[in-house]
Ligand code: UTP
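Just the one chain here, laid out as C-alpha cells, in the form predicted alone.
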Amino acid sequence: MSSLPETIRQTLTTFHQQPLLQALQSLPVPDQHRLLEQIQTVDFQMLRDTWRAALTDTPSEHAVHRPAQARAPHNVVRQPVSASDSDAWAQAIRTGEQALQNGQVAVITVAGGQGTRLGFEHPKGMFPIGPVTNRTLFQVFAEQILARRRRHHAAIPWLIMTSDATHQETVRFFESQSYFGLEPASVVFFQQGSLPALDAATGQLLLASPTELALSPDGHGGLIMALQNAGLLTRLHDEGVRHLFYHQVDNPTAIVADPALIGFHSLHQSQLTTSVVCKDSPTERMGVLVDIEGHTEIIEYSELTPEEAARHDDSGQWIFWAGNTAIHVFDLAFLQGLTGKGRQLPLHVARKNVPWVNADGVLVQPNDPNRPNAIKLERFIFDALPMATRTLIIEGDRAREFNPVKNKSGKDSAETSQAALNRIGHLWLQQAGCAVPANSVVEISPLQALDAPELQQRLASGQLQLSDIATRTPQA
C-alpha cells in the first residue's frame, strides 16, 4: 500500500466516508489508481446536501402546488391557420436558413441510451428503423445533416453525446459506416458524465467492485457540463455558432436543424426554445410545458392526477396540452452561463436497488422493490427552462415530427415509427403527383428530399426518378 494523498484522506474523513477510505487503503497500489481517479471527480458537498434533503422525502411547497399554479403557456407559436400565420412561418424559415448559411447552428444528438427496452443490446442509435432499407436511426440523422449542409452550403457541426455504455460502440459504428458520407472532423463524440450511487440510509458512496464506484449516467441534463468539460462550448463560440439544435436519438421524424424552429428562436431572441405537440389525451404519458409564476416549466405526467390533467382554465382552454418532444434550440451564451458554480441544473433523486460490494469484497444484490437500498442522481435538461429569462414554445406538426421509438410494442414503438415514415413517404409522393400502390411501403432518404416541395421539384426536373425511391410490396 502507498500513503494516500492527504487531501483525499481529509475529504473522505470530513464527509464521513470512512468505509470508502478503508476500502481504498486496503487496495494494492496498482489497484488504487482507478478508484482514486473516480473519487477525485466527486463533489462530496453536493452529494451530502442532496442526500440530506432526500432523507425527509417531503416535496417542497413549490412542488406540491405546481399543478394548481400551472397555466397554459402564453408565449406560444401555434401551427399556422391563417395567411398571416403562414407569412410569419415563412419569415421564420428564411431567418433560420440564413442562420444556417452563416454557420451559426450546430446540432446535438443525445445518444447515451441503449435499446434494452426494444430488445436491442446496442446503442439505440444503431437500431434499424427504415421501413424498407433498415436504415439505422444514426443513418437517418446523418443523411438529414448531410442534405441540409448541401442545401444551405453550411458547416453544421454534429455533436453526439454518448455515455460510458455506448461511446466505444457508437464511434466504431460510425467508422465502419465511413461516417455516412460526412467529414469525420465535422462529427464530434463526447461523453455525458456520471454520478455516484449513495446508500439511502447512510449517504455512503457505494462500490460496484473493489476498485470502482457504483456510477450511473447523470441524465440528459448532464449535457451542459459535458459540453463544458470537453471544451466544446468554447470551441463552438470561437467557430461562430450561436444556436444549438438539440434532439434525442429515438425520433427519426424529427426535422434536424429545423429552419422554422431556429428562425423563431432567433427572431424572438429566445434563450431556450422548445417544440411541443398537442397531447392525444389528458392522460397521455408526456411531460407538458406550462407557465408557473411567470416562468416556463415542465410538469411530468406523474405529477398530475387524471382530474388535474384534464383541467381547463376559465376560458375553456385545456391547460396541460403542450407535450414535450425533447426538441429544443439553445442560445449558446445561455448554456455557457449555466456552467458556473450555483448555476448548474438541479439534481433529481431516484430510489433504486443498486448492487454493491461490501467491506468483505462480496457483491450484494438488493431486491426489495419496497425498500430500495440506494439513491441515484440525475439532471434533466428541461430544468433549464425556468432559469431562462426569455423562452419560446413552438407547436410542431405531430404526425410529421414526433414519432419516437421508445417501446418494444404498441404506442411509440418501432412499428408505429416505421408506419409514420411510410405514411410521410406516401404523402410526399401524392403531393408530387405520383401514384403508388396504397399497400406499398415507401421510404424516402433525406438525401433524396428533406421535404415535400424538394421531392416534387427533383422529380419534376428529372434529378430523381420514382424508381430511385425505396419501395416494397408486403407479401400476401
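What we label the rigid core is the largest C-alpha set whose atoms superpose within 1.5 Å from one form to the other. Note that residue numbering follows the sequence shown and begins at 1. From a predicted model like this one, the values you see are computed outputs, not experimental measurements.
Separately, the form predicted in complex with the named molecule exists; it is not shown, and the next lines address it.
- Annotation: in the predicted complex, residues His243, Ile262 and His268 none come within 4.5 Å of the named molecule through any heavy atom.
- Taking the partner from the other structure, the named molecule in the predicted complex has a heavy atom within 4.5 Å of a heavy atom of Pro217.
- Not displayed here, the named molecule is approached by Lys124 to within 4.5 Å at the level of heavy atoms in the predicted complex.
- Contact annotation for Thr283: none of its heavy atoms lies within 4.5 Å of the named molecule in the predicted complex.
- The shortest heavy atom separation between Gly115 and the named molecule in the predicted complex is within 4.5 Å.
- The stretch that touches the named molecule in the predicted complex, counting heavy atoms within 4.5 Å, is 245-253, out of 343-351, 292-300, 391-399, 245-253.
- Of the listed positions (Asn324, Thr136, Gln192, Gln144), a single one reaches within 4.5 angstroms of the named molecule by any non-hydrogen atom in the predicted complex, namely Gln192.
- With the partner omitted from this view, the residue of Lys406, His167, Lys279, Arg235 that lies near the named molecule in the predicted complex is Lys406 [heavy atom within 4.5 Å].
- A movement of the C-alpha atom of Ala350 reaching 2 angstroms or beyond is seen between the shown form and the other one when the two forms are aligned on their rigid core.
- Once the cores line up, the CA of Lys376 ends up 2 angstroms or more apart between the shown form and the other one.
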